[in-house]
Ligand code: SAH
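In structure tokens, one chain follows: the form predicted on its own.
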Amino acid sequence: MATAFLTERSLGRIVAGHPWVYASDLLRVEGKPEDGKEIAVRGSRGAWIGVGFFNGKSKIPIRILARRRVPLDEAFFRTRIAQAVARRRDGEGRLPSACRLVWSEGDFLPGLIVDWYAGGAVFQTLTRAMDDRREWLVATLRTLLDPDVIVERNEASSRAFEGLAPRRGIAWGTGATRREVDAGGLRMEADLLEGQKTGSYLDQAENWRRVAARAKGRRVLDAFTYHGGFALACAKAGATRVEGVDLSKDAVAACERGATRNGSLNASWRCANVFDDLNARVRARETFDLVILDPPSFTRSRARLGEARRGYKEIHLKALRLLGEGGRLATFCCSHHVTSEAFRAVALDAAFDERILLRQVEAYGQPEDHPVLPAVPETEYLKGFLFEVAEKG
């Protein structure tokens, strides 16, 4: 096995638990490491750090999987996945209707994501090493879960940095790829082959419920509604008026089906560019009691943070103009490049420009099935706040 020796300045972060070894962290490499194969990792003086997988085509050439001296074989892989699945089961051994079963670094399996949708499993292998072990993965999922279908959703652009081509399809089984799941107190649809991410957004279901608990008797606008999770939950909780807006015609159609599926909920939907829609509502002097902002990530790199902040500020400015005193803004960011404090600062900056004093009512994050490792900041990506307009100038 080849061995990588690390620079002294990199050791603090990596010994503390971060699994990523960048090219700049490498002091030297002994042997001839092969892409997708095991490599030992040691400190500059030879002290053992761990064992991981190598990919010379990646900006992160080594990802550490174990700190002990163990072979990264099929048995290791199967045990790690089994441990992750066990953490998602309840006291009676049952899995939720829909959940994330494996969350990459958060479950000590860098580059692997597995989601569960009422008997169907969907996976993403985002690194060369994980992609090379797809057969192990499918066999393990069949043994652990007994699914009726296993779907591969490997269209993520990040695979290109690993030298991997996009790929999508049914890896095993004949079960339906479109199904209903219970999430956040709602019946929602998930399209395992065509839907966003791996079929739906699983990480906001708890937040749908928490925001909806504040919606009774309120007029609600759900911007970037996608399949209508927040809007439907608010309508079900007793909001007097609910409107959802999304640019995708397919998403709006899914919202309409969702309203019927959950009891013909009283909500209306608009297919429109959200930025333009918010502008039009401000010009029309519309008002709401609760505005929800849950946009897709505005940046996937640190290089575009400035641009992302401007985008977030713009939608916050428009949303605040739709609220009077006592009105509430639930706002979310799903980019790990934008910290919680930075995101809150954007909202406060917009409020300052509008001469509005905000009161923070609640903070939101990602659910337990998307575990956060404090030593790996990249595992924490979802953040949100509920603000109340305390005073408007």
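Being a predicted model, the structure only gives us computed values, none of them experimental. The numbering used is simple: start at 1 and walk along the sequence shown.
Another form exists, predicted in complex with ligand SAH; not displayed. Remarks below refer to it.
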{"property": "Region of this chain that lies against ligand SAH in the predicted complex, out of 196-204, 166-174, 124-132, 73-81 [heavy atom, 4.5 Å]", "result": "196-204"}
{"property": "Close approach of W208 to ligand SAH in the predicted complex, 4.5 Å, heavy atom", "result": "yes"}
{"property": "Ligand SAH contact in the predicted complex: N266, any heavy atom under 4.5 Å", "result": "no"}
{"property": "Proximity of W136 to ligand SAH in the predicted complex, heavy atoms at 4.5 Å", "result": "no"}
{"property": "Heavy atom of S248 within 4.5 Å of ligand SAH in the predicted complex", "result": "yes"}
{"property": "In the predicted complex, the residue from E152, E243, D115, D294 that sits within 4.5 Å of ligand SAH by heavy atoms", "result": "D294"}
{"property": "Heavy atom within 4.5 Å of ligand SAH in the predicted complex - the one residue of V274, L145, A156, L305 that qualifies", "result": "V274"}
{"property": "Residues from 225-247 in contact with ligand SAH (non-hydrogen atom within 4.5 Å) in the predicted complex", "result": "T225, Y226, F230, D246, L247"}
